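One chain is shown next in structure tokens, namely the form predicted on its own.
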């Protein structure tokens, strides 16, 4: 490996937190070998036994939520209150998986005349779990819990942006699970690339579309199973008859929360012409009042971007849009005299699909508005993307809203609300926003393979 250390930088200050050693090829091989050696014994435990150990992990996340919250805020800039809340919610995620597993992994007994078939859901083996930095405890949990409950062992590589958060997650699981069931490797692209080509059976990944395509090619060589959640470019459609205050509030928070670093952020807004002026004014007021600063400051609404590179990418999209005719209503700059990776909350209007910011994932604190004449035009533009993760539709006519929602090519769609759904439903993207899905009974089953045993009565 060329890169020997990760420089773990605090994005609010630009200062080094710690140099973290990258895993070597030998260390990755050892982690995979340890997982392989532990897998059969782990799978042989009953579901109740595995569940009991995972419940102990859930309790530990609640106990350590403040400690882990501070690590998250220091490493990626998330508001401390949100970081603590995210860590606490991990316990709910683990417990929901434990409950769903009772159905997902149950043996099904089928009968046809005098022929009987037992349908078993068996683990795949060793899973590589590779996760992002923007929700650095909840995203790992969403992959680790179903993989482990199903009887797989894992090699876990957290994002190089949050290595200490990843270590804290590993420490909790490793404390309560048998030796070798979970293994940690640290590093950036080189470590991830070596891991996906190693002796593993499955790759579960949340991250960028570009990396997802690399993983898919690597998995094809030996037909490794994969689950990929690959981000989005979520559209928001605002019709003339929408509740504009409610829609504007959602637009601001949906675009700017977590500094816009959310895979289901509102990244492009299509508003009908008659509603556009009032809607834009309401949004502008919200953006101007959206405060940024240290994640430990309880008066702010967002922290810094995770890195200088991430901020530069967002600023370049804004600059390119303005150069090509977009109107910068507010924001659009990095504050002077600040050593952290902060950026002003930004509002752009007069946009079209000729602008890069309406096509490429932004992942930053920008509200992007484009006027449309008709509902059909809004739907056409919403679907004019390789992404298909989330979307929302805003209208006081619920029947019309539902009809439009059914035309949108996204996996998760909200009408007059965000994409939040009934518990137990999957987190799913269509088109290039995902391959497979996570969450739900069927999501757990993606970490297994069905096996049939048939016999005559």
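Residue numbers count along the first chain shown, from 1. On a predicted model such as this, the values are computed, not experimentally measured, just so you know.
Keep in mind the form predicted in complex with a small molecule is missing from the figure; the text below concerns it.
*Asks:* With the partner left out here, if you bring back the small molecule in the model of the complex, are 282, 331 and 345 all within 4.5 Å of it by some heavy atom?
*Replies:* No: no residue has a heavy atom within 4.5 Å of the partner.
*Asks:* Identify, from the list 260, 340, 166, 132, the residue with a heavy atom within 4.5 Å of the small molecule in the model of the complex.
*Replies:* Looking at the other structure, the residue within range turns out to be 132.
*Asks:* Of the residues 214, 124, 226, 184, which one places a heavy atom within 4.5 Å of the small molecule in the model of the complex?
*Replies:* Flagged contact: 214.
*Asks:* Does any heavy atom of residue 303 come within 4.5 Å of a heavy atom of the small molecule in the model of the complex?
*Replies:* Residue 303: no, not in contact with the small molecule in the model of the complex.
*Asks:* Determine whether any heavy atom of residue 286 comes within 4.5 Å of a heavy atom of the small molecule in the model of the complex, and answer yes or no.
*Replies:* Judged by the heavy-atom cut-off of 4.5 Å, residue 286 is well away from the small molecule in the model of the complex.
*Asks:* Do residue 78 and the small molecule come within 4.5 Å of each other in the model of the complex, heavy atoms counted?
*Replies:* Residue 78 lies outside the contact set for the small molecule.
*Asks:* Taking the shortest heavy atom distance, is residue 157 within 4.5 Å of the small molecule in the model of the complex?
*Replies:* Contact check for residue 157: yes, within 4.5 Å of the small molecule in the model of the complex.
*Asks:* Pick from 186 to 194, 252 to 260, 316 to 324, 293 to 301: which stretch has non-hydrogen atoms within 4.5 Å of the small molecule in the model of the complex?
*Replies:* Residues of 186 to 194 come within 4.5 Å of the partner.
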